[in-house]
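Given next, in structure tokens, is a single chain: the form predicted alone.
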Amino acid sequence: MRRMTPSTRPRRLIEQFLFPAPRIKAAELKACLQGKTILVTGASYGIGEALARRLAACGTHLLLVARSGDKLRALKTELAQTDNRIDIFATDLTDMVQVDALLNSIRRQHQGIDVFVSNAGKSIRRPLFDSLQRFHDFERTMQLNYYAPVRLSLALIPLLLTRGGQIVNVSAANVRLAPAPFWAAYQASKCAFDQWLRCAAPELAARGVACSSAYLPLVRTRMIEPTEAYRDAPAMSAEQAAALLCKLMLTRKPGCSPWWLGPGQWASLLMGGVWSRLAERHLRRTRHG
């Protein structure tokens, strides 16, 4: 365990307050998930990797999807145990040809799936005026954060129906908060799939398939590394995020979120105009500074 230094101690204390660790009994989780087939996208790094490690200890049959074949093979070797099975699929989810090949392979090999965890995602923070010649940023972000999980969900629903399965969406807390400057591509794409899944949830629930979303705050993964301001900001660990996803599998509740997201939503609703004016004022000041 990494020792806290004087410079990191205040941040760790804030993180403990903002992101208390969920309580899950390992024996209860194993009893619930043992023998189940669980598909996880974005499984080679960050939240997906942490989740794969946690699920492997429960004796599950894991279907791990990610772009990096080498990383998936290394993870499979590391997690190989006598009481679980791991299949890996090196797939770029922005390439629909590869997605179709993945789905065909899954259909041939599996009669049913218990849980589909939509975790793969792309984050991008860029000012609008730096994006005027970069429409591809919006296309790529929408492709991975919206079109890919919709395509996978539509294809996997028949397999989920056979086992009364579950779709678990790794969403973001900011889809429930006021829009933020520089995040147009990311927030729009995350909101799109969140809305799609919430619209589909009643129809799926009527057929026995649960839909759950984890509205996660900032998580300390390689995804946030390009944004310098976030490197020392309070953030949830990937292991904590994975624990929250496991809790959703255990409870099959519609969602989970940080304790402060509810008040944050009310503040966004009541103070949205104030927030927009403050953001505009700040941007004017920094642009002319």
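Residue positions are given as counts along the sequence shown, with the first one as 1. It should be emphasised that the depicted structure is a prediction, and the values quoted were computed from it without experimental measurement.
Not on display, but discussed next: the form predicted in complex with a small molecule.
How about residue 171 - does it come within 4.5 Å of the small molecule in the model of the complex, if we only consider non-hydrogen atoms?
So residue 171 counts as contacting the small molecule.
With heavy atoms only and a cut-off of 4.5 Å, decide whether residue 224 touches the small molecule in the model of the complex.
Because a heavy atom of residue 224 falls inside 4.5 Å of the small molecule in the model of the complex, the answer is yes.
Counting only non-hydrogen atoms and a 4.5 angstroms cut-off, does residue 146 reach the small molecule in the model of the complex?
Flag for residue 146 set to no.
So in the model of the complex, does residue 44 come within 4.5 Å of the small molecule, heavy atom to heavy atom?
So residue 44 counts as contacting the small molecule.
Do heavy atoms from each of 68, 94 and 190 fall within 4.5 Å of the small molecule in the model of the complex?
Verified in the model of the complex; spot residues all in contact, yes.
Considering the small molecule in the model of the complex, find the one stretch among 131 to 139, 193 to 201, 153 to 161, 112 to 120 with heavy atoms no farther than 4.5 Å from it.
Contact criterion met by 112 to 120 only.
Looking at 75, 124, 210, 218 here, can you tell me which has any non-hydrogen atom within 4.5 angstroms of the small molecule in the model of the complex?
That would be 218.
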